[in-house]
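Have a look below at one chain only, the form predicted on its own, in structure tokens format.
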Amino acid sequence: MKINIPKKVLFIINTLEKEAYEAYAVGGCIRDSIIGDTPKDWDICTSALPEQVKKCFKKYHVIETGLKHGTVTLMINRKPYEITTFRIDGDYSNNRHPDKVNFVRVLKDDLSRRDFTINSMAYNPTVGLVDYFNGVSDIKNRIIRCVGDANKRFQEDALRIMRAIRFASVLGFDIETETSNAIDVNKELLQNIAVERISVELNKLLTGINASKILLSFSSIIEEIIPELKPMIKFNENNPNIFNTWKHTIKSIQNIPEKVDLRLTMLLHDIRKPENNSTDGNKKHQQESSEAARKTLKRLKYDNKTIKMVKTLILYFDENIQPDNIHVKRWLFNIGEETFRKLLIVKRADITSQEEINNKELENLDVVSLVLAKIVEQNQCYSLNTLAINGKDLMDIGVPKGEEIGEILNQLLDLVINEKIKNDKQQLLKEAKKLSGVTP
């Protein structure tokens, strides 16, 4: 099997080989090449020790990124290439990083410590593909399988649990039985992993092509990292005749575009539904789910922009949006165009994921979308930024600088949104004089 290696990677491998060291491209770049994807990064492993690597590339900038673990980063034309010495790992007392590593001279020893067979292949043009653990076969069979003892792999680094289900989601693979069993046995070790690392893997999982299947198959892992979801996952599970909340949630994730904020919204939009399941409690359910989602995402160290977006979308996802100009402009004023567009997407995903789909609600959304398109196309005014006058214009007609300017502008905007006056500068100034008491 031939793999096309970039010229710079070939240069690194050839340079090390000229000095009598072994060198290979290794890991994810080989996996992606075999699958047919373009690798984002190319990592190199070598029999050379870090100091020897530095000596081989003394004319280049070499960063000592992880000398303790045998890694240096070679900069070529401002692009980084990680070069790591063959190694075997010592004990993992924190279930994340080895306490120490031992450098070795044999490639197989290095590949045997890696997480999954699909990530444990190496390649150089002279030797060809090195695949001691049947990674190519597992790629062909679409299987995620640990290298060696699955329990040991996860106990060494519990983040591998999230990586396993993330790879299965992103690649559309299944997880083989022993690896799956080991995931369940060791899931509590995820409590030892930094939430920032968990969140990165969760984002990739949620936006994967196989996300819905993995979420359903590995609900216990989702409970482990987001215990706030446990009541929802268990809700109605004992009654197979009821389309339960978790299944609805998973279907809604499947029915929405693969964007992190949208999929987080669907994951969390019914988080408090078990506690608020009355037919007249929708608004309370939305409010409590919105706040619960905010707290959950904050605990998981998400950025403020994502938290705000998800919180807002959950707060309003079950609201009725009337399909007319005035109401749509009011929504645009309140939450902005980007958020409103995402709200329509969330509402559609929620409706189409119900046990019985309400076609009237879908038709209503279609009309709302047409109204929105017309408002945007005609550049209709729904915000202070698009109002035909500003604070300076008000001061020019004698309105004193201060809070009154903001109050008048908002009153004028309200009149424009409600289509009581046109967004015309002269009309607005005339109305502003009335509102301010300025003598014409």
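Each residue number is its position in the shown sequence, starting from 1. This is a predicted model, so every value here is computed, not measured.
Beyond what is shown, the protein has a form predicted in complex with adenosine-5'-triphosphate (ATP); the following relates to that form.
Using a 4.5 Å heavy atom cutoff, none of 285, 295 and 350 lies near adenosine-5'-triphosphate (ATP) in the predicted bound form. Proximity of residue 167 to adenosine-5'-triphosphate (ATP) in the predicted bound form: non-hydrogen atoms within 4.5 Å are present. Contact check for residue 273: no non-hydrogen atom falls within 4.5 Å of adenosine-5'-triphosphate (ATP) in the predicted bound form. Though the partner is left out of this view, residue 119 does reach within 4.5 Å of adenosine-5'-triphosphate (ATP) in the predicted bound form, counting heavy atoms only. Residue contact check for residue 163: one or more of its heavy atoms lie within 4.5 Å of adenosine-5'-triphosphate (ATP) in the predicted bound form. The stretch among 409-417, 53-61, 40-48, 391-399 whose residues place heavy atoms within 4.5 Å of adenosine-5'-triphosphate (ATP) in the predicted bound form is 40-48. With the partner removed from view, the residue among 113, 311, 247, 230 that has a non-hydrogen atom within 4.5 Å of adenosine-5'-triphosphate (ATP) in the predicted bound form turns out to be 113. Among the residues 157, 361, 318, 131, the one placing a heavy atom within 4.5 Å of adenosine-5'-triphosphate (ATP) in the predicted bound form is 157. Applying a 4.5 Å heavy atom cutoff to adenosine-5'-triphosphate (ATP) in the predicted bound form picks out no residue from 328-355.
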